[in-house]
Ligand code: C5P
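Quick heads-up: it's one chain on its own, the form predicted alone, in structure tokens.
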């Protein structure tokens, strides 16, 4: 099943470390090449000799054991097709979320640009700690797969969520990642993300609540499916594909048009401001005794409509955010804009959309077809969108 694939398993210092011996055997039975790295504390729960016999490879523990000219953490990262960290302790999760590289495992993680699966296991109170949940959310936002622990009796004597998830779940998630068809290979896809910023003066601006999460999820998903991705974003993102940071609607339009001719698809997930200040002040506008201030606004270019007017072979996908009459407004908009697909978001709901990690959208086509994608995390929604466009 996994012939020719190298699976890198990182084991941290938790009691569930002993279970990973069976996970290694599962991958070996699937004909995968398995490499194992451990944190020093993991050696309190499982032996190096056992892991070496099961994986039939040398086990990495110390960071500066360099057998050849290539730094060891880079060598491991280059060789593997996927990285699995199980069990992932609170300590290692927090280090990974904050870019701390103080051992071989965390250094490899920081250098790893391919799929990563993280399977936490810990005491239930540690799992529910707000700081740990923030760190997990940070990792999730960057596109890493988190397999949540299960409820049950824990080694510490507590009853609650903290048990390492079933090994079959980890194995199946890895197989799904490794066997994911490269359906977008050879496609150049431009994706926009975030809300544009229109200056009023050097300290004030007009913008919106868009977090850019949907656009980044689309970009990560397209990249995992083999696409040549160019993300044009107003929010910072460090990715293995091309990321171009812009600020205003005019800057975004210029960045898109620069690469539009040879693009196969453009997905306008960004929330582009409809208006900008006609003449932004070069100096900070001082508060006066007047009760009112007047700003003269002018229309920003309709980037989506313009792209639809000049396209030759490109597939153009637009997004719209509506607070009422979602489908009716979306049907009117897709005909007005002329795009191939329109993704409609209901921003009146607090559990989806802006700043949320979840979404629920409807995909519209010009002929009136509407397909609803039920509430799911934005990475699942992104995958379903590409299935609809290129399925």
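Numbering follows the first chain given and starts at 1. Since we're looking at a predicted model, the values are computed, not measured.
The same protein has a further form, the form predicted together with this ligand, not shown here; the description that follows concerns it.
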**OP:** Specify the contacting stretch among 106 to 114, 92 to 100, 147 to 155, 263 to 271, defined as having any heavy atom within 4.5 Å of this ligand in the predicted complex.
**Re:** 263 to 271
Original post:
Taking 195, 215 and 247 as a possible spot, do all three reach this ligand in the predicted complex with a heavy atom inside 4.5 Å?
Top reply: no
**OP:** Consider residue 318 of the chain shown here, and say whether it contacts this ligand in the predicted complex, taking contact as heavy atoms within 4.5 Å.
**Re:** yes
Original post:
At the 4.5 Å heavy atom threshold, is residue 304 in contact with this ligand in the predicted complex?
Top reply: yes
Original post:
Is residue 331 a contact residue for this ligand in the predicted complex, using a 4.5 Å heavy atom cut-off?
Top reply: no
**OP:** Find out whether any non-hydrogen atom of residue 337 is located within 4.5 angstroms of this ligand in the predicted complex, and reply yes or no.
**Re:** yes
Original post:
Ok, 300, 211, 161, 135: which has a heavy atom sitting within 4.5 Å of this ligand in the predicted complex?
Top reply: 300
